[in-house]
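Shown next as structure tokens: one chain only, the form predicted alone.
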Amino acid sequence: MPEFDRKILVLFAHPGLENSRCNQALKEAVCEMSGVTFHDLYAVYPDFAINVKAEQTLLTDHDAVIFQFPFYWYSTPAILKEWQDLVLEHGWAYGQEGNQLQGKLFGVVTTSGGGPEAYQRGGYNHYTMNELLHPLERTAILCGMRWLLPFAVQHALTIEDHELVEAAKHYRRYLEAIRDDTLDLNALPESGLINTFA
């Protein structure tokens, strides 16, 4: 069994994966990676009956947590919000004695139908993707985790096949960099994203 600098837990949430060419490609790029546990929440909990203790054990067993989801209504799909509400308990994840997640990395990998031009000041959505993800950033910080700049694949409905292949490769390299501790955690690209694909 190879040793890695970090073990990564990908919490995947897509309620209509069969209709998502983009998320399917991203999933296939990383779901069998060494050092990565790919956890499909809708597959494991089709009834939303989340096993809190099992999820907390998964979290403590990993060094980095990635939420992968389509950007629905400026937020996450419902099961990922349910997961946060139930699993990130006071006294466990945050609060006076809630220190189980201290020092872990937390990142977001998301897809959007709109492109970068829609996610900017004056654009269709009025705010940048990074700004719209601030609730997740604050959640990570409240739990003592280090927030990573988001990884976004945009124009998800119209992305060309060759662009999607490149996006999936970039996603895999992104997780490899986290796993192997080669990611520059202090990088601040102008876009506010770790990378974007138009």
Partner chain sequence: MLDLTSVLPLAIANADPDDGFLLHATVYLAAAVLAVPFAKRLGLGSVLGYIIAGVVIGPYVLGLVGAEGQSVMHAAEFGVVMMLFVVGLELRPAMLWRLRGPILGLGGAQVICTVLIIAGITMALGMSWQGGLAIGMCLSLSSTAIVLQSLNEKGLTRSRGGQASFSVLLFQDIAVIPMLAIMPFLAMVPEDDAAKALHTPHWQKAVLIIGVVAGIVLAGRYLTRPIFRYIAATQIREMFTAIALLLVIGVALLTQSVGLSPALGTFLAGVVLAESEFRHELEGNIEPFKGLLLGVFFIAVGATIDFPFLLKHPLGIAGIVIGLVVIKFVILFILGKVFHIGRDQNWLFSFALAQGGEFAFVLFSFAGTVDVLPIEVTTPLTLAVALSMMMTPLLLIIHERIVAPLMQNADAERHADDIDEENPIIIAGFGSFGNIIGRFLQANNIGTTVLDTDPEHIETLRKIGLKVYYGDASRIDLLHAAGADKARMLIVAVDEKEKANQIVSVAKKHFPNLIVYARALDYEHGANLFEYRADKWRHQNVGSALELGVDVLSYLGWSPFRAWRASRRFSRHEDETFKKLLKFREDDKAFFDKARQSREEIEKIFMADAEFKENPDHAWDNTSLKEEVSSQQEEQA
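Owing to the predicted nature of the structure, the values given are computational and were not obtained by experimental measurement. Residue numbers count along the first chain shown, from 1.
Note that the form predicted in complex with its partner chain isn't included here; everything after this is about it.
So if I measure heavy atom distances to its partner chain in the predicted bound form, which of the stretches 141-149, 53-61, 39-47, 126-134 falls within 4.5 Å?
Of the options given, it is 39-47.
Applying a 4.5 Å heavy atom distance criterion, does L157 contact its partner chain in the predicted bound form?
So L157 counts as contacting its partner chain.
Does any part of P189 reach within 4.5 Å of its partner chain in the predicted bound form? Heavy atoms only, please.
Result no; P189 lies far from its partner chain in the predicted bound form.
Considering non-hydrogen atoms and a 4.5 Å limit, does its partner chain approach W83 in the predicted bound form?
Because no heavy atom of W83 falls inside 4.5 Å of its partner chain in the predicted bound form, the answer is no.
Determine whether any heavy atom of F106 comes within 4.5 Å of a heavy atom of its partner chain in the predicted bound form, and answer yes or no.
Flag for F106 set to no.
What residues of 60-93, in sequence order, lie within 4.5 Å of its partner chain in the predicted bound form by heavy atom?
Sequence-ordered list has one entry, Y72.
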